[in-house]
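The chain that follows stands alone, in the form predicted on its own, written as structure tokens.
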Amino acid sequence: MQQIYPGVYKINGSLATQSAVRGFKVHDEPTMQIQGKEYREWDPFHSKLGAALSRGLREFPFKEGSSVLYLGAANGVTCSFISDIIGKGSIYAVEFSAQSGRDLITVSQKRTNIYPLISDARFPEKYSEDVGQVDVVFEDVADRDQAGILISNCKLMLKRGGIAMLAIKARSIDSTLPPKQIFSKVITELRDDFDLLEKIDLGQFERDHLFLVLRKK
């Protein structure tokens, strides 16, 4: 077993985190018992962040005590792995779908550092007072205006110098243009508000997706 990032391990070739809630699975993920501790396998095919880690992500802003705003939390799979990592930190998990939101609430009942917000990420003013200032904003939202959603949320809630992560879904923005053209357009839209630290093609795990790591100016 090798720790490759704070709270993230490589075990028998697979990514894993130490489970904060023994015996509780979010999506029937495999678990491993090592020296009296339980570890959960982090499948990169079910998580954009897991995919980025598998593709060699260098900038990893999550650590014990981090505060995170997660946009597009779905049923809480990736949130649960971040939850393992940040311990006494906080994840404000925004999800618009009522059906996914029910699953997210179930996860949050077991994991007390996840705060579910059933809301629309396009209108951050509706939940910004509940969130306050955070260290990291993570966006995985299927919307034509992914850049605008990230900018508006970060202006209200990301600390200056904080890290933003964005999984660009080319086909959700425009199904008629080449993905590389869409990626370039989104990066240009973000340039005034962020410094681009890293970009990773997730094609091996998610077709037509580009993962960005940015720092708020």
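The first residue of the sequence shown is number 1, and the count goes up from there. Since we're looking at a predicted model, the values are computed, not measured.
Here the subject shifts to the form predicted together with a small molecule, a form of this protein not shown in this document.
**Student:** When the contact criterion is heavy atoms within 4.5 Å, does K48 count as touching the small molecule in the predicted bound form?
**Tutor:** Looking in the predicted bound form, residue contacts with the small molecule include K48, since a heavy atom lies within 4.5 Å.
**Student:** Quick one: does T106 come within 4.5 Å of the small molecule in the predicted bound form, counting heavy atoms only?
**Tutor:** Answer no; every heavy atom of T106 is more than 4.5 Å from the small molecule in the predicted bound form.
**Student:** So, in the predicted bound form, is R122 in contact with the small molecule at a 4.5 angstroms heavy atom limit?
**Tutor:** Residue-level check for R122: yes, a contact with the small molecule.
**Student:** With the partner left out here, check for me: in the predicted bound form, does some heavy atom of S128 sit within 4.5 Å of the small molecule?
**Tutor:** The answer is no: S128 has no heavy atom within 4.5 Å of the small molecule.
**Student:** Would you mind picking out the stretch of 65 to 73, 184 to 192, 33 to 41, 155 to 163 that comes within 4.5 angstroms of the small molecule in the predicted bound form, counting non-hydrogen atoms?
**Tutor:** Contact-bearing stretch, as computed: 65 to 73.
**Student:** Go through V141, V136, I85, I114 and name the one with a heavy atom inside 4.5 Å of the small molecule in the predicted bound form.
**Tutor:** Of the candidates V141, V136, I85, I114, V141 is the one lying within 4.5 Å of the small molecule in the predicted bound form.
**Student:** So in the predicted bound form, are I11, S14 and T17 all sitting within 4.5 Å of the small molecule, heavy atoms only?
**Tutor:** Not a single listed residue reaches the small molecule in the predicted bound form, so no.
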